[in-house]
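Only one chain comes next, encoded as structure tokens, the form predicted alone.
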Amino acid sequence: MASSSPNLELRPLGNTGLKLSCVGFGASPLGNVFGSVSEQDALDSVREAFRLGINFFDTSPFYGGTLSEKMLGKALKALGVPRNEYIVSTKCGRYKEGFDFSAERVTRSIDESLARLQLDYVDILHCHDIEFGSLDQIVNETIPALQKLKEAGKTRFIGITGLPLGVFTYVLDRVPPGTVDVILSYCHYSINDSTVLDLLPYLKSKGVGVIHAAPLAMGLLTDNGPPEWHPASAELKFACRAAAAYCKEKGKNISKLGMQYSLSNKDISTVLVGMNSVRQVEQNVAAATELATFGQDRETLSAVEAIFGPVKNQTWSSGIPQS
């Protein structure tokens, strides 16, 4: 079953040599993180994603207490295509039980993840949400352990993820050049917050690839609004509701506008978005295809950016539930 969409752009990931589809498949919803997803829906969504040209799939043992990895593993196996036709990243250090960035735990973690994913290796192994651990431990213990896993062929490349942008420079300034291949940042290249822009020249100078996740700011840029636990301020949530209402009034969709905004910067290798249905896959691919064909809707985007005004680039502390 070959991928059949020539329209989904492939972008290089730093110095890795990997080329990722500009839309990446976030598999956290397959772990029932945002509501129940049937096994058939999981299989169908991954199959459709691959058919439409998505070649990058991301998960973590933390998502759904390992369920996401298991479901993604089943779905990828069901594709029945050669392993080199898709790119998989998983994570280590964050689990249902809590955080553990020790060399012993992350070394054991990759073997557990590979068994669940039914794979011999992953393309990228990330330290997950490093701001919750000791950054010095990440530098001096975790990343050296990941390098050994890379040498053993269990992962091809090493990444780090987190919300505060400062964690990336802290680590990258303290490890040998080329040690960390990629960062995964989230919520910092969306219409309401584009602060990762300031970091891109630094990352490029280090040869580090950039994955951007949560283009809709964990539900802020949707008609339904964010979940109750969302850590954004009341002012920012109000502005997002106003922006969504404005888009609706103009016959536009805030989520598509947000997705296209994140996709528009080609220094970001892929925009990772959670998907749990064929419909969601089709909408995200359509947003990318439309952007490539017609460009951004600058008129609506300008009006929405004006609505954000004083709350633009207002960030928050990590507030994702520990479930």
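Numbers follow the displayed sequence, beginning with 1. The structure presented is a predicted model; accordingly, all values stated were derived computationally and were not measured.
Omitted from view is the form predicted in complex with a small molecule, to which the following refers.
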Assert contact_stretch over 142-150, 106-114, 74-82, 209-217 against the small molecule in the predicted bound form, heavy atom within 4.5 Å, equals 209-217
Taking any heavy atom pair closer than or equal to 4.5 Å as contact, tell me whether G274 reaches the small molecule in the predicted bound form. yes
My question is simply whether N265 lines the interface with the small molecule in the predicted bound form - judged by any non-hydrogen atom within 4.5 Å. no
Mark N284 yes when one of its heavy atoms lies within 4.5 Å of a heavy atom of the small molecule in the predicted bound form, and no otherwise. yes
Does at least one non-hydrogen atom of D58 fall within 4.5 angstroms of the small molecule in the predicted bound form? yes
